[in-house]
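Below, in structure tokens: the form predicted on its own, a single chain.
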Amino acid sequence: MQVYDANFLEALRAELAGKVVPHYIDGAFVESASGETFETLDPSSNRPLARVARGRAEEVDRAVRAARKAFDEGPWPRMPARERRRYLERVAELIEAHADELAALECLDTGQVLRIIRGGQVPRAAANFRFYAEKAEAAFDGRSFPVDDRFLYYTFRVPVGVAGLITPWNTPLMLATWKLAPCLAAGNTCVLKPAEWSPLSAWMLARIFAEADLPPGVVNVVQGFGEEAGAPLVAHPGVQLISFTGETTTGKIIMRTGAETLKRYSFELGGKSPALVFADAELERAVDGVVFQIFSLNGERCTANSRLLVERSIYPEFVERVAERARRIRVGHPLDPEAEVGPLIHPEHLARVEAFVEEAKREGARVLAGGHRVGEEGNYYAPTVLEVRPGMRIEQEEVFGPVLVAMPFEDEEEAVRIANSVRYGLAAYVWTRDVARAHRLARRIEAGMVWINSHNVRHLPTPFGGMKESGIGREGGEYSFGFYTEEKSVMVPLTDHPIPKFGKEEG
């Protein structure tokens, strides 16, 4: 893992301070027509990190028109899938070649710690492109349906058109590649709108696409705010697909905005995922899994097990072990290789997390660990464990920070009832040695993904997505191609079958 020296960081900061991070439209880096910019902040200090071009409807329209032209007239959707595969493999190689710079930018821009970004997120970004490069030809596989010796029906897939890809601020590099790779493998073109709180990795990806020599207009990047750039992208009639990862309320707004043009959606939205720990679980491993799954990525992860449900007979001991571990977590600068938790993304988000915890304290929550800011500078918040009652707001709503709420349960029925009592249904974690119980709970808990005796270990071919207000659709593996392609059906008669003769008879 790269440990960055002072000279490297000083040079990187100087480069960022001396320029405006541009859009990438039709193969060129451009500033906004208005000349407007906005600041992206360093979460460790809240000092400006860079100025970024502020895109609006004009830039979105230019980008969509470029993507539309590249799809309707350009080579990308028409080239053999094996050729697109070579482009995607080249992008993966360039991500690996620029891994240290990408990791430094991502840490400085998001506040996520180096051990997570360099050790996991950057390699995963390259892996996304390698995986979908290998799957590029399979994207168009179909089925045949012979009917005796009379007819042959068959299906095949084709690219859809222009996709609007809207990414969140927590792991922007990995999640952008998670959308871009299958979108491009399937032959679509796209406009990427990164979150305004963490725009730098999208700019770096655009530089990689330019270096990989992708045809102009295939990938476009428009920087800007959701209301000013995201909303025009969703509403644009030239866009057929919207893939959005983010907050549930925003997802509902996007659905309403895009309804006029009947867009297809893939939504990965909020979560309030439970971890259910039974008395027969391997408790040390359960402590490891619970602590990692809520406090890694600074708690800013959609699949965090932010609710801890523990069988009453072991509740006091287990929760104290979790709290004791939380108190020992190393909070530090994102580029400190020893840091386990860094600063939250933005002062506004820090204030939101603080407000949730303070309200919970007033409602009677008991603080077992944390519950306060760390230091005077930046957006650092202590890993927090609260004992709460089911139904409290902090137990029901997504905090998206390093905050774990804990509750006891009496039996399996109560555990399922509490687990399913929220409006979200993204992930769940079950810790038990009882194999039959584990499988029962996997079916009964309202979640799109369930991990048994494990934290979130992802496998790219498997479907990713949630139930209830946690999302619509599934991405990952070949499931992504169900979104990024259209399936067509063709019938060929094998005989001169009878055709009704309307209007042929006289009289």
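Keep in mind that what you see is a predicted model, and the values were worked out from it rather than measured. Residue numbers here begin at 1 and follow the sequence given.
Keep in mind that the form predicted together with nicotinamide-adenine-dinucleotide is not shown, yet the notes after this line are about it.
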Note to self: Tell me which stretch of 353-361, 91-99, 224-232, 388-396 has a heavy atom within 4.5 angstroms of nicotinamide-adenine-dinucleotide in the predicted complex.
What the structure shows: 224-232
Check: Only one of Gly217, Pro383, Pro274, Gly246 has a non-hydrogen atom within 4.5 angstroms of nicotinamide-adenine-dinucleotide in the predicted complex; which is it?
Finding: Gly246
Next item on the list: Just give me the single entry in Gly378, Gly187, Gly270, Pro199 that has a non-hydrogen atom within 4.5 angstroms of nicotinamide-adenine-dinucleotide in the predicted complex.
Entry: Gly270
Notebook entry, point to check: Heavy atom to heavy atom, is Ala206 within 4.5 Å of nicotinamide-adenine-dinucleotide in the predicted complex?
Noted result: no
Item checked: nicotinamide-adenine-dinucleotide contact in the predicted complex: Asn170, any heavy atom under 4.5 Å -> yes
Next item on the list: Spell out, yes or no, whether the shortest heavy atom distance between Trp451 and nicotinamide-adenine-dinucleotide in the predicted complex is within 4.5 Å.
Entry: no
Notebook entry, point to check: How about Pro194: is it within 4.5 Å of nicotinamide-adenine-dinucleotide in the predicted complex, going by heavy atoms?
Noted result: yes
Margin query: Just to make sure I understand: among 354-376, which residues lie within 4.5 Å of nicotinamide-adenine-dinucleotide in the predicted complex, judging by heavy atoms?
Written below: none
